[in-house]
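First structure 1, then structure 2: two forms of the same chain, each alone, as structure tokens.
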Structure 1
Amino acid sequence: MPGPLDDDLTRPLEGAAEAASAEGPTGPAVGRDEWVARHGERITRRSGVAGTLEARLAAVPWWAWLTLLVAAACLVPVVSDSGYVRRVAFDTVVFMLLALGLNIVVGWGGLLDLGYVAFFGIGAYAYAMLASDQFGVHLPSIVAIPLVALIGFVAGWLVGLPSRRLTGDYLAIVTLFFFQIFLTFTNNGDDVFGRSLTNGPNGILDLDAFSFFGWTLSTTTAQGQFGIAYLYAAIVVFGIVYVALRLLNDSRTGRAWRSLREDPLAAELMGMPVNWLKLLAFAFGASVAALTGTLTAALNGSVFPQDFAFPLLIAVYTMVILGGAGSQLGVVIGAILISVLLEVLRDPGDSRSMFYMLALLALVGVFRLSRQLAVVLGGTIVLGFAARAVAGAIDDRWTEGMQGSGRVADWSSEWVIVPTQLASWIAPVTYIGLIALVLMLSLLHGWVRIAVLVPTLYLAAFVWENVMLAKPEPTRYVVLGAILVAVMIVRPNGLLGERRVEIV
């Protein structure tokens, strides 16, 4: 039988109904749990094709995604017999492993580690010293590989010791300093107390190939192409690491890392060993990076300091941020996208096609199929043909520059001004002018923005054809930065990133 006490617990608070109605239909419900009360409202917000697709994909178990990724990687040698394609597939798996390792430190632990690539180099050099003539040591691969992973774990632990009380910019400076120490040591390690440890810029050569139970993995085929055995070895390592990290993420340590990432002070007040968790994050991330270093060192048969330059760190961080820090599947997808994109941007013809395609997709994404889109596209095309006609009438040399081959190149050669010889002042002036116009667009609105957007797009095409394509290496990273900025505007957490707890 319900008693008087039960009536008091279930009876609404005095004035609760009046307060709730005063706030309006969307205001907080006084006396009710807000999260539970608005659960249905949050579900209804996920509407449309994108919301349905996102909900369906989120319901797929993690092991199904892993199986799909491994199967796709294994099918690469089947669908293509190109040694180049197979090598790109191997490099992509390496990037996937590096992204998984960095995700431990950045995505789970919330620590800004700018020395991560140094652990990748430590693993490669450790394998070179344990499986070559450098010191006359030739350990079996089944012993050398886990030993290198252990060395990476210890190295990450040691780097984390002086850094465990640092956060943010201070931690980034310390880890970047460690990365610079590694580069300096490897470049000048040919004379350490009268003995050569790293052979300096010449690197360590003739490394032992992977060998398991008498079976040696060949680096090349009889035709001199890439040996697919190393691709399958990298896939096996990736599968093991992915499953191990998944189990680690679901453990008490993984949950504690996420608490550390969200609020270190709150985690410490709850009794979590914050410093210990930071050390573990550094150590596990370094161990994965060092393990990955053995794959590249054994395949290449050599290791050089130039293999671990700063652009590699930028690329790995871009993969993690683009895919979504904290999500294993996200950082793997980010690694695949960036790896393929970097290869596409090596060829001027492919990069030209990709530039115009991305520009068109960006315009459609902003304006949809609207009148504004037609005005922007039509105005840009007309401006291009008019500007090229005027430039050609003034001087033929302003429009006779080489454009390459292909349909896109043929079309752009009739639309973009490309002089036979670019004056030295044009490149910096147009590049800076393009940046200024892009910044100006963020301050304009309405039809004024559209009017300024038309010459901005044409200037972007001019800079791309005359400045960027002439320098493909830096262009690749400029494009990566632009894509990353665009994605961060649309999805601040990355493609599949975990939402951070924020107080707003």
Structure 2
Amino acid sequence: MPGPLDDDLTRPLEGAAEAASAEGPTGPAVGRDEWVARHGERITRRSGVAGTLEARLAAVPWWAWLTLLVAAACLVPVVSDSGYVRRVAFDTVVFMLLALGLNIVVGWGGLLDLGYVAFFGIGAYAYAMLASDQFGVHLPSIVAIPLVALIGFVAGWLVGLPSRRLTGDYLAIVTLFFFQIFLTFTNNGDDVFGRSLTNGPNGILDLDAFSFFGWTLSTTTAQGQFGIAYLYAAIVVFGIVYVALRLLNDSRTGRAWRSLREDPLAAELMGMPVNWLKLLAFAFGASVAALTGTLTAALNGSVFPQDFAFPLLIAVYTMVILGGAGSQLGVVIGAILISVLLEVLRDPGDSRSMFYMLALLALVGVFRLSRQLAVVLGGTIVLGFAARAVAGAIDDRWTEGMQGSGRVADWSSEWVIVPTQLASWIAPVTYIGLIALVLMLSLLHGWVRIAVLVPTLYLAAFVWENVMLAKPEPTRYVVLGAILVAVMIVRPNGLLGERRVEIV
């Protein structure tokens, strides 16, 4: 446990400093457990250039990172005047907020909340009901937004209540149920005791735009493009939430959450109100999600049940896990990466480049700069050219189906077999074969593994070029699921998560 306790354990005994100085500065200190004293270092230090770089980066204060993030987000409209880019920037900030909220529950509280997106939906629907003609209520934004955050807090509190006696996995099931019921209710809420609450699948339309003290943030510009004011509104909310959560994390409650996550039993023995803390984490996360819901609801001017579906939950979880649960900066970076990735996958040309880049990065990450890397890369490239040459010699139609243009496409069309017409059995068979090969890789070691890796990589490229690019929508979900699984296996603590050593 960091903090004061650590100091107590590692403080030298009376007179130890004198005794130690007698042995010189490098000798082991008397009365001081070296292993315990260096405990903190061992957690974080890595050797080499990476370690130094990491230490430097870790020394940058959190507000500098926040300023950098906010400044970068603010500059997006300056760099690009495309409505599409601005809208993507807005969505990314929304994802950043959602990831921050989920980080409270998962990263700090250590609870698995599978109903998180439902709170996002509750926020959006609450705003819709408080600021539209649905019930004829038109609260000013300055009242409606905090009220929705409060509603989210209370909703989280109520859903968390059964978790009083539940361990992690029960909670996951209960919250998943809650999510499903939220969806059922919003989809069928057009006839509750003869009164329409949610309008069912038709959603609630014509919401009020944000309006502060008579100044309305219009959702579109005069040219019908995305209203830039909402991007700045989202950034302001993000900044406030980030700072507030930072302070919360450094507070007594934040420290209690961390100890709860590390070891609930020990935390309870220390006299911590475990149930109270769990509920609090849950409610804070739900509150942030609901607050975020107001942003999207006000910008879209409408809410629909299908806006809050299961893939969104997986996306937010992938962001938090990839970035590293527990680290605010980490989850925000995870949100940016996943949000951009999901956008890139919409376009075949971009996602082709992305695929080869990520494959190369992953290989370098696994093998470092070693002989094995050279063998794998060289083998894959040779295999590709050989396979394409053979296929081209048999029949020209087997190799002339490459769509799109650009340097990467030109290059890969020389390397991957892309038939003009794909027989219907090829897609499923190669796809399943690829999954089987990947599963097999986890069982192999040494040179056999490298020998299998080469055809696996080529098959992956084949499947990507021929099968995945043709269906962008399911591909995005498959990639999302694959990333979540891969991160859990390769680096369960994420990119910036706190690495911990097991104290045996």
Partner chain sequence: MLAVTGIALGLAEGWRELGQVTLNGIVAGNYFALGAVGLTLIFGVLRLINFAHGEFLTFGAYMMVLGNWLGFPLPVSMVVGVATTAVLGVVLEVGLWRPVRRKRVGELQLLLLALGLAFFMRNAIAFVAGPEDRAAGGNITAGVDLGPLRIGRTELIATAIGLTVILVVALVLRYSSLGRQTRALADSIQLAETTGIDTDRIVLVTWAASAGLAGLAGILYALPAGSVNPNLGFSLILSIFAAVIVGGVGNAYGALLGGLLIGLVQEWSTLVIDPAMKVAVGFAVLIAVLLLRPQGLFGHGRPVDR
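When a residue number appears, read it as a position in the sequence of structure 1, where counting begins at 1. Between two forms, the rigid core is defined as the largest C-alpha subset superposing within 1.5 Å. Quantities reported herein were computed from a predicted structural model and do not represent experimental measurements.
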Pick one: which structure is the form predicted alone?
1
Once you line up the core, how about Trp447: does its CA shift reach 2 Å between the two structures?
yes
Once the core is superposed between the two structures, does Leu361 show a C-alpha displacement of at least 2 Å?
yes
Cα of Gly392 displaced 2 Å or more between the two structures, core superposed?
yes
Could you tell me the distance the CA of Leu484 travels between the two structures after a rigid core superposition, in angstrom?
4.3
Once the two forms are overlaid on the core, the CA atom of Val416 shifts between the two structures, in angstrom, by 2.5
